[in-house]
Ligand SMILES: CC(=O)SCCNC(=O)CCNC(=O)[C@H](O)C(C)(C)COP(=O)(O)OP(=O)(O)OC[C@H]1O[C@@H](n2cnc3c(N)ncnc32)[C@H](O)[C@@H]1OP(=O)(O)O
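Okay, here we've got a single chain as structure tokens, the form predicted on its own, with questions on binding and movement later.
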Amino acid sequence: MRKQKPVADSFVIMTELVLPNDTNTLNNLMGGRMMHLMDIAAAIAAQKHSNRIVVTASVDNVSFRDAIRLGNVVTLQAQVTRAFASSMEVHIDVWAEDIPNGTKFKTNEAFFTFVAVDQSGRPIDVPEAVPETPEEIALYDGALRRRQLRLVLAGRMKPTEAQELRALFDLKEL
């Protein structure tokens, strides 16, 4: 039986100040810089869960809802949602805060997948993720569908083999 760890143990909060070197010509945080910060926060969450070196395996859709401006404080919150054999899905929320104006708003949300590896770079087993709160349980329950969708889109799983996705769309055998 695999070791179990609460998903809350992987929770990470990372805070950054948007400086001129982080922005484009419109004084907005560059999208690539945002993705870099998200990758770091998510990797730390995956490392906390697995106690191993981790590598990024995939990034789901990253949508930019609102611009993050020069001088804003960016807060990233990341947590493992579910662990499979050697891979872990991590959910990231990003918030921007304009401290002088007293405003805070959610700007990004995404799912990243990491694989734990040994010193030779080979995948290694990770502890099972145990959700406890209603939000953690909902993210955990959706993780298998999201994983199957990633695998189908990557050509690593046939759509007919994606049982959770088929059930979601009530698809009959093809």
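Heads up: residue numbers just count along the shown sequence, starting at 1. The shown structure was predicted, so the numbers you read here are calculated from the model rather than taken from an experiment.
Form predicted in complex with this ligand: not shown, discussed below.
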* Following C-alpha superposition of the binding-site region, is the pocket for this ligand, modelled as it is in the predicted complex, open or blocked, where blocked requires 3 or more ligand atoms within 2.4 Å of any backbone or C-beta atom? -> open
* Quick one: does R156 come within 4.5 Å of this ligand in the predicted complex, counting heavy atoms only? -> yes
* Answer yes if any heavy atom of W95 is within 4.5 Å of a heavy atom of this ligand in the predicted complex; otherwise answer no. => no
* Asked: According to a 4.5 angstroms non-hydrogen atom cut-off, is R52 in contact with this ligand in the predicted complex?
  -> no
* Asked: Should P123 be classed as touching this ligand in the predicted complex when contacts are defined as heavy atoms within 4.5 Å?
  -> yes
* Pick from A67, V117, M30, L144: which has a non-hydrogen atom within 4.5 Å of this ligand in the predicted complex? -> V117
* Asked: Which one, I137, A57, V62, I40, lies within 4.5 Å of this ligand in the predicted complex by heavy atoms?
  -> A57
* Just one stretch in 103-111, 42-50, 129-137, 144-152 has heavy atoms within 4.5 Å of this ligand in the predicted complex, so which one is it? -> 144-152
* Structure fact -> When this ligand is considered in the predicted complex, the residues of 81-117 having a heavy atom within 4.5 Å of it are F84, A85, S86, S87, T113, V115, V117
